[in-house]
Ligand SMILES: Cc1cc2nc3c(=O)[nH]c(=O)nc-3n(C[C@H](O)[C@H](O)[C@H](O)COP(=O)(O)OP(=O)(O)OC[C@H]3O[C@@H](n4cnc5c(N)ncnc54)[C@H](O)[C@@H]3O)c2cc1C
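In the form predicted on its own, a lone chain appears below as structure tokens.
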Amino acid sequence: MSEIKQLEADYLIIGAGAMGLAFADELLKHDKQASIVFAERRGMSGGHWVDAYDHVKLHQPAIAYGVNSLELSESKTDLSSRPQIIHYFERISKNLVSTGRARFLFKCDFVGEQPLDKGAIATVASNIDEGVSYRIHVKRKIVDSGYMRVEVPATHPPRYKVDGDVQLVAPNALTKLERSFSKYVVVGAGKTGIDAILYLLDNGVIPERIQWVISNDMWMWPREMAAPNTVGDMLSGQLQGLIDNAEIDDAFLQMEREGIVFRLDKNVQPTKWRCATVSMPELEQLKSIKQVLRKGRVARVSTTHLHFESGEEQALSRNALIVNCSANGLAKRRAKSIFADGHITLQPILVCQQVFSAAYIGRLETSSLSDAQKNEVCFPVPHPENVEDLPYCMVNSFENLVKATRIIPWWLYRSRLNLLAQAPLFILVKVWLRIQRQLPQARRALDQVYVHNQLEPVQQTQQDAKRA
């Protein structure tokens, strides 16, 4: 027997992950009349953290992660673990519910909407009981908090073919292994692959028993720089690299000389940049892996060989375990207007800072600005993927921050999710004045970089968007 339950709320938030919770936290704080319903397909809040592997930790300080109203960690160097983060999200959810203005519909999928003159009628259906659905009168806006679609190997199988008798696991299985293997073959060079390598090394697997398949090398941020007192210098240094160099590769080499980025192998020029953050001791651990396979993307895994798209092959040891870390965790999505026609689409407005961005968008939503004015001050900054994404990411990020300082400067300074603002005031002022001087030069350099490198700009700057 089917049952349709009637609900009413000002906002429907699709997804109860980190961005959705950061947005809701800010919205309810600054709008005392707003009410929210969350529709979350999982059985609890936390988004991709619910599906992630047990040994995952943050790559950047926990002091600037989560929501503004609740500390995750007071330490400026702590990297909270998955259990800590799941517990933290549970506390946030309880805090939101305790306001009497938030409700969570877990194990529910957003089905669709019927627009009204103001608001919409949204349909949400249970994914464990086909007879239960909800008809929600959304009086203000529908918020898509899952547009960035973070992928993890546990929920996204390999894109390459795998023969039936191959021993292949997602990194979630590493903590549950009960026997050893002759080789551990880690496929993937991103954050997940790095975590898998470090977990194996930290748990006694010798480097000689690890093979690492790297389809594309990437530049990495040193975690020592991603701290309140130094993150401003790191970001300013990236702007300067853009200003000083017409060649994108030269910009990264300049940043490398200044200690702002590093790479796994000095003899290999990386083509990727995805905000991966690694400490110097971790880098030395990664460098201990000598069996690094740079033969392109894997096309197929058989019991005896890795078969690459390039046509090359690599023999596998008997009793080898393939650890699939190839899911595109931080995919670059097409930018779209954040505020549009009764909808809010949560996206980063500061490079690789999702929760800060979501909180900022939540704070903007409570302002008196029109949707058009809000879009003027929060231009989307999709996750970078390739080195040529550096210019637009940095320019658009700082254009957003400059505009934010004119609209809600006190909020920006007080937000604990703003890692820049956690530095002592004299450091913050020094860095901010430098960036304000650099930004006009960087904006001019942006066009020159794309012309010189014969590249199509994958994203417009805010200036370009206005002209269009």
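Start at 1 and count along the sequence shown; that's the residue number. It should be emphasised that the depicted structure is a prediction, and the values quoted were computed from it without experimental measurement.
Although not depicted, the form predicted in complex with this ligand is the subject of the following passage.
Per the 4.5 Å heavy atom criterion, this ligand in the predicted bound form is contacted by stretch 145 to 153, the sole one of 238 to 246, 90 to 98, 145 to 153, 299 to 307. In the predicted bound form, at least one heavy atom of residue 14 sits within 4.5 Å of a heavy atom of this ligand. Though the partner is left out of this view, residue 329 does reach within 4.5 Å of this ligand in the predicted bound form, counting heavy atoms only. With a 4.5 Å cutoff on heavy atoms, residue 41 counts as touching this ligand in the predicted bound form. Within 4.5 Å of any heavy atom of this ligand in the predicted bound form lies no heavy atom of residue 24.
Using a 4.5 Å heavy atom cutoff, 60, 108 and 191 all lie near this ligand in the predicted bound form. Only one of the listed residues (260, 352, 378, 174) places a non-hydrogen atom within 4.5 angstroms of this ligand in the predicted bound form, and that residue is 352.
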